[in-house]
Ligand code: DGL
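A single chain comes next, written as structure tokens; it is the form predicted alone.
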Amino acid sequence: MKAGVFDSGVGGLTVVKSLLENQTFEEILYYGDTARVPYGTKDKNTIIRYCLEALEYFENYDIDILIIACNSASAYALQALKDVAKIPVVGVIDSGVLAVKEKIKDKKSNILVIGTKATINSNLYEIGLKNENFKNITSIATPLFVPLVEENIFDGKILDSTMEHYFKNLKNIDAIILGCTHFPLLEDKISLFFNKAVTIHSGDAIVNFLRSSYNCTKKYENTKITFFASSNPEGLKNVAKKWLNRLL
């Protein structure tokens, strides 16, 4: 089975890592729109247009399913893509909500959603969680985490100051939805800030979602993976080598 994975840049590699670790697909084609990253600061119509262009790109390849790894794209463009695509298109927000439902049984738990401005302004995580009867949800945009990850800053004073800036008024958080594919690279530090709160991120959530909703249960060893980018493809490959720990 061949999957396309689309992201606004390199963040979707965290989703690819989970797919590889779980041997979900025989082949993966990854396309990062690195020329126009980030999507989280852009308006809805622009995000939809970029995503439709990405879908056209993937039509040149015989993929069986398209995974929208970008939370901002999932928030605003998923339905537009489903309306025109000839293959299943899966976003990361529904899978994230499902992961919370499976991991957090107490509906009164304090859940924190963090993401880009576009993702948070869409309110889709909050709507999905409330539909599952979760009562206590806090959503905040944390866009500064994205450039930190892009600069390979995963710990230290800058990250500590950024977390303090965003989280200083938050107490007793039980679970955190990492609503941006960059954020799993900061997962341990963010969890520790909240006394080892449960974290839920797009990669692990999408694997479970694919298993339950699309019967993607077969295991594939030695997954073939190909990378494409709208700008600086070699830069994307270099990041992939580091993040995925494999030769490309």
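Quick note: we count residues from 1 along the sequence shown, nothing fancier. Computed from a prediction, not measured in an experiment: that's the story for all the values here.
Just so you know, the form predicted together with the named molecule exists too; it's not on screen, but the next bit is about it.
For the candidate set Ile65, Val37, Ile48, Leu29, a heavy atom within 4.5 Å of the named molecule in the predicted complex is found for exactly one residue, namely Val37. Heavy atoms of Leu78 never reach within 4.5 Å of the named molecule in the predicted complex, leaving it off the interface. The named molecule in the predicted complex comes within 4.5 Å of no heavy atom belonging to Ile206.
Contact check for Val146: a non-hydrogen atom falls within 4.5 Å of the named molecule in the predicted complex.
For Thr116, a non-hydrogen atom is located within 4.5 Å of the named molecule in the predicted complex, even though that partner is not displayed. Stretch-level contact check against the named molecule in the predicted complex with heavy atoms at 4.5 Å: of 53 to 61, 193 to 201, 180 to 188, 210 to 218, the positive one is 180 to 188. The partner is not shown here, but in the predicted complex the stretch 57 to 79 reaches within 4.5 angstroms of the named molecule through a heavy atom at Cys70, Asn71, Ser72.
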